[in-house]
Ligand SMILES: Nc1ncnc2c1ncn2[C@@H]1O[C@H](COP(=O)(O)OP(=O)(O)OP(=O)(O)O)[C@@H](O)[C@H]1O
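Below you'll find only one chain, the form predicted alone, shown as structure tokens.
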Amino acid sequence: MKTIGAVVGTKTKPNTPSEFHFWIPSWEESISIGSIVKAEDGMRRVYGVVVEMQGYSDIDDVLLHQLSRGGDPEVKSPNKEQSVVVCTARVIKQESDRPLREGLVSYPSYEELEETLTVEGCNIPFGVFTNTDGTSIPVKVDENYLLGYEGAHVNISGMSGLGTKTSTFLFILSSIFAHSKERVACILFNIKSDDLLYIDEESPYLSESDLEIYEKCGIKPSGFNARFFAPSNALSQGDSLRSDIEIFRWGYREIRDYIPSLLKAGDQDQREKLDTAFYDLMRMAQQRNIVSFSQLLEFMERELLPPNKGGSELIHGSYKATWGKLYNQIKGLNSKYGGLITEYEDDVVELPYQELKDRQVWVIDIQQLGFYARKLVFEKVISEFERRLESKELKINKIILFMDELNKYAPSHNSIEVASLKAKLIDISARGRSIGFSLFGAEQFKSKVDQNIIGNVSTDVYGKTKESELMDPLYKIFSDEIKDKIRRFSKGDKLVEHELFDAPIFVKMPRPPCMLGSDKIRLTHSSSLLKAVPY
């Protein structure tokens, strides 16, 4: 292989077991941040990814440089200054933990690159790495670190619109479905218009470069085997932009465990009083075999709110005034949550949890719901699948839960509004791998997500990110040059950090294999745009 540099260690920049430095000749122009190189000293080989590049010269002062040219930048100095570009490579594979003393640097061959990047057990392609000499190879991660038991969970971060977080997830999901050895399915929540309502249709916008990546990754792009669900509206139709949606509607028995998180209180004392009253109410309802909100309200009117009692009198352990506040809030659930909640047991339509199949995607469309209604759906659906996975009641043994806007539902700060949902997501991140429940989260700002979740993630994917976000201490593991490259990413560019990788790897990911809402709009309004659009 052609030599492109020589290993060098200096007093101020010594080589270490984890990184080495090398200078490149003036004619070498292909090396850049993210290149993977091979250093050989005759005894061993060390592979590294370039994370830093600096140019040195023998000029001590800018003023001397200006004076040597008489103040004219086009004039050449009579004495040619000496300069050199020095690269720093982070070690990704070596035979022994010892720093290099000397050696020649070249590009690894395809076989060497494959051996370097393909860690034993890694079988899920996460895009394609193209070295700066043109060698291209799929980058694979270990599904045991995606879906448990060794580790689990994936986090995808990047700017809204430009970070292509949803597109990234859908490509990764297609790769998992194509290569996983498990019986795996996925739960999605559609929270942005019709963004995820057409993923059962194949994308007509894949370019030749997209198809080449799919081929290298061993994936046949197509729409997903998907089912679509949404709450019903007042006309008992699906509250969705998709006409053939399957509806669901919940009653008292379906959501009773989540009602406390829906109750509003002025202060902590009122909150405790309402919680105590509700749990007493739930116990009494169970004793009387109450199964619907209509029955529950009738019972409260009859036994807990008698007209001959004053507001300050105790009734079944709580004051009548407290029962009155609880009654009004429960009564308002039906109108407040629209077609999602019904008063009557015979109007209930539950989600068919037991029917979730291998390689199937469920899209639950809640974009028409308000914040608290969405939170109820999140908690209820997640809890139902968690319980069924734990008791092994399903036809599958792995579920991927995709949560967009993770920083909103599991923020790094304390928020009473999402406290119960955040606790549920933290629980999944901590013990989900033991039952086969993996959280794939996406957000604009990773630094704004609770660290209990981020700390349990085994694979991170970074898209184009704002400079202000990259200044957070969370990103101090990256060199300034890597952060600058992330800031300048194109849509398909990603940085992948995996539990088994000794250094993050730059990859290219294609468009998703399926139709997104924006694709559907483009297709509907102009057949002339059916050609591939730059990604």
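Everything numeric here is computed off the predicted structure, so don't read it as measured data. Numbers for residues come from their place in the sequence shown, where the first is 1.
Here the subject shifts to the form predicted together with the named molecule, a form of this protein not shown in this document.
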Site check Met159, Lys192 and Pro512: each within 4.5 Å of the named molecule in the model of the complex by heavy atom
yes
Is Ser518 one of the residues lying within 4.5 Å of the named molecule in the model of the complex, judged by heavy atom distances?
yes
Hey, in the model of the complex, does Lys165 get a heavy atom within 4.5 angstroms of the named molecule?
yes
Contact flag, Lys491 vs the named molecule in the model of the complex, heavy atom cut 4.5 Å
yes
Assert contact_stretch over 35-43, 491-499, 476-484, 54-62 against the named molecule in the model of the complex, heavy atom within 4.5 Å, equals 491-499
Pick out the residues of 311-338 whose heavy atoms come within 4.5 Å of the named molecule in the model of the complex.
none
